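The chain below stands alone and is given as structure tokens, in the form predicted on its own.
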Amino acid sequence: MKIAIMGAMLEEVEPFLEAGEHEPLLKYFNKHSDVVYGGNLYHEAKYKNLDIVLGYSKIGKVNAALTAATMIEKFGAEKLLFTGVAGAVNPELKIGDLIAATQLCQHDLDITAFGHPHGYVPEGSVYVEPSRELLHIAKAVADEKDIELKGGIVATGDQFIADPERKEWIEKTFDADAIEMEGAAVAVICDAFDVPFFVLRAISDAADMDATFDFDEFLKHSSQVSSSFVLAMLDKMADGTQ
């Protein structure tokens, strides 16, 4: 089975190349050539009995869609795991919380002038749902690691949302819990190709954040936590335990 591991930023996939709690993928890379395709660098490796393709898309829905489609069509990915950071719109989410998307939508998609709801396009739907099997595996990992993994609706758009009024609108319109810039685009691609997917986000900003918050340091720490979580999911997938 071939599994795609994807992030939006280099920092979000770098921990997979480093030694840590799990045996790093890096030791396997000398058996494969890295591939540059469509302006992106992809790494192929083998983790236990799983074939892996790892890459980052760069920020935004278009880049995320291009990378997800490439991983599926060129590299033959049969499942896709996405990891990264997101902002909270649900006031109950705090910095550092892990959230697994249970539904994803596009908050900046607007053809309401034609009588459609926000986030909808004809022949599509407002929400796309990830794989229940992968969500089940994630819950098992969280239970074993004694990590509180929250589920919720993730809203995606090609904007960094800093306006409190806009955040409130997104929360109310989509019943959203978190916002980011790639997840729903990946979801649409995977859904179109019938590829099971999973989106894991660490909350990087919330209503309770203060001036001492260091985003770069948080990104480094959260990426290590998220990568460890994803590797634990790979362990279960490789062992056939769920």
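Quick caveat, the model's predicted, so the values are computed rather than measured. Residue numbers run from 1 along the displayed sequence.
There is also a form predicted together with S-adenosyl-L-homocysteine; it is not shown, and the following applies to it.
- Interface residue among 93, 77, 105, 85, judged by heavy atoms within 4.5 Å of S-adenosyl-L-homocysteine in the model of the complex: 85.
- Residue in contact with S-adenosyl-L-homocysteine in the model of the complex (any heavy atom within 4.5 Å), chosen from 161, 134, 109, 98: 161.
- Of the stretches 189-197, 172-180, 47-55, 34-42, only 172-180 has residues with a heavy atom within 4.5 Å of S-adenosyl-L-homocysteine in the model of the complex.
- Taking the partner from the other structure, S-adenosyl-L-homocysteine in the model of the complex has a heavy atom within 4.5 Å of a heavy atom of residue 8.
- Interface membership of residue 65, defined by any non-hydrogen atom within 4.5 Å of S-adenosyl-L-homocysteine in the model of the complex, is ruled out.
- In the model of the complex, S-adenosyl-L-homocysteine sits within 4.5 Å of a heavy atom of residue 59.
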